[in-house]
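The chain below stands alone, shown as structure tokens; this is the form predicted alone.
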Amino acid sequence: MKLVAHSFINASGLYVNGTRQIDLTGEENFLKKAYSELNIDYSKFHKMDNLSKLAFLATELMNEVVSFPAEGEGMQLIFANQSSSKQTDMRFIDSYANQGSPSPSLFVYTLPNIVTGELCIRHKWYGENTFFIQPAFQSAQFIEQAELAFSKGNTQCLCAWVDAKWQGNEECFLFLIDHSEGLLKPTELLEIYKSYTHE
């Protein structure tokens, strides 16, 4: 297997393959600004929670430099984060505990795997997808899961560490793995992630 491409978004910018494409430093709503800068016309974006917006934007940027498979079952999504849907959960709790009116539009996003659902709808991917909750980014598990996906006949895996702990502390590291000759090591993947997050 080989790493085809990677993208990253946080409050500092939108990056693809290690190069910053859009500077978002100082933007009050960096997700809205990134959407505007990418010239996307997808009205559903504005209804998404921040987890979904992060993954959506990182995928849109990557789609400018790689060719995703046509609609069908060749793509498997493997996502993970540390805080599940906590940011949206807290907003939903506030909608009924403090405002007295539970918000159906927030309730939809109180599961983290809605992120993968949004991407599958956008790109018409019908394969399997999964979302893990982990204490930290674990490159070895992504590679293990990709190997399992390829053993089932998938040709590509779109993977992401996408986390939104609280407002202003959001990130998405998205990477595409292809079922072709090559050896992708967990250390290589971890170093790329660290290069974005400066850990």
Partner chain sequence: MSNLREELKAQIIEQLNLEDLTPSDIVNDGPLFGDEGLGLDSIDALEFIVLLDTHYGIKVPDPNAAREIFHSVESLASYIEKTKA
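Not measured: the values here are computed from a predicted model. Positions refer to the first chain, counted from 1.
Keep in mind that the form predicted in complex with the partner chain is not shown, yet the notes after this line are about it.
- Taken together, the three residues 6, 167 and 172 lack any non-hydrogen atom within 4.5 angstroms of the partner chain in the predicted complex.
- Although the partner is absent here, residue 39 is not a contact residue: none of its heavy atoms lies within 4.5 angstroms of the partner chain in the predicted complex.
- In the predicted complex, the partner chain sits beyond 4.5 Å of every heavy atom of residue 137.
- Using a 4.5 angstroms threshold between heavy atoms, residue 43 counts as touching the partner chain in the predicted complex.
- Residues 91, 101, 103, 104, 105, 106, 108 are the members of 84-117 with a non-hydrogen atom no more than 4.5 angstroms from the partner chain in the predicted complex.
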